[in-house]
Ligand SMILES: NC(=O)c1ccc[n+]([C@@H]2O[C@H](COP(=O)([O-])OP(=O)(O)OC[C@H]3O[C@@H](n4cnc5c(N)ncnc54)[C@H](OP(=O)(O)O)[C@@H]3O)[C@@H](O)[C@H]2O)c1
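Next comes just one chain, in structure tokens: the form predicted alone.
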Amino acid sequence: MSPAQAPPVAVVTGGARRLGRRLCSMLAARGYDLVVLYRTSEGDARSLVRELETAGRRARALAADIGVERDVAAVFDDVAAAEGRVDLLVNNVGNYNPQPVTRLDPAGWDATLAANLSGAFYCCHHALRLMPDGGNIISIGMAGLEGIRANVHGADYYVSKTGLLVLTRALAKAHAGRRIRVNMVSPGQLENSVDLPPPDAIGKWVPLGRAGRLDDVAQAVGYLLDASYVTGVNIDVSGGYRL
């Protein structure tokens, strides 16, 4: 099969569990072959690969700590040898450490920034050399303007995701000449969020009155894949979270 006839290849970081797993399933249904990156969730990654293969798609799971540049370089060297291309990169990793900033130490700060921001840059850097014209990068961010509020819990997370939006916009402009589109999708309170308010209180923060579902986020990612004239944007998928 020639490269032009081969199915498109998607690389999804943190793809073994939760939102990443749902996105992998959605992308497989849209005809992508999958490379699932995981750090510690080997069992979940292997079971996802089996599910995707049973559904008729080609899938692989590769272990990597994306906060370590040499790990990322090795993964994309592997992809270059096996798949030969990356049509879509989904930066899904989002380490969240909601402790008070007064207790945040340098090790915690470094770990969050490495996974959420530096890791995304490493993946973009190495994926872009394998991405044909017309490819896509989609990063998972955070809803609203949370990154510039005085968030005293999880400040490292908010800083990392705000930086990721700046990176998204810069890459979108830099690679527009190749028709590579770079966008962000930002959930608010999801059903599996670690700090989800109780059902009788969620309306205080979410005007639409419910937590987001993984399918809500997958729907937005699907839209961006189809929206050929959209680049450099952040789509809040949040029910109006903290309007």
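We number the residues from 1 along the sequence you see. It should be emphasised that the depicted structure is a prediction, and the values quoted were computed from it without experimental measurement.
We do not show the form predicted together with the ligand, though everything after this point is about it.
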{"property": "All of Arg17, Ser41 and Gly141 within 4.5 Å of the ligand in the predicted complex, heavy atom check", "result": "yes"}
{"property": "Per-stretch contact check against the ligand in the predicted complex, the hit in 99-107, 77-85, 156-164, 124-132 (non-hydrogen atom, 4.5 angstroms)", "result": "156-164"}
{"property": "Non-hydrogen atom contact Asn192 with the ligand in the predicted complex at 4.5 angstroms", "result": "yes"}
{"property": "Non-hydrogen atom contact Val206 with the ligand in the predicted complex at 4.5 angstroms", "result": "no"}
{"property": "Contact test in the predicted complex: Ala59 vs the ligand, heavy atoms, 4.5 Å", "result": "no"}
{"property": "The ligand contact in the predicted complex: Asp33, any heavy atom under 4.5 Å", "result": "no"}
{"property": "The unique member of Ile180, Ala218, Val49, Ala64 whose heavy atoms fall within 4.5 Å of the ligand in the predicted complex", "result": "Ala64"}
{"property": "In the predicted complex, residues of 108-122 near the ligand [heavy atom within 4.5 Å]", "result": "Ala115"}
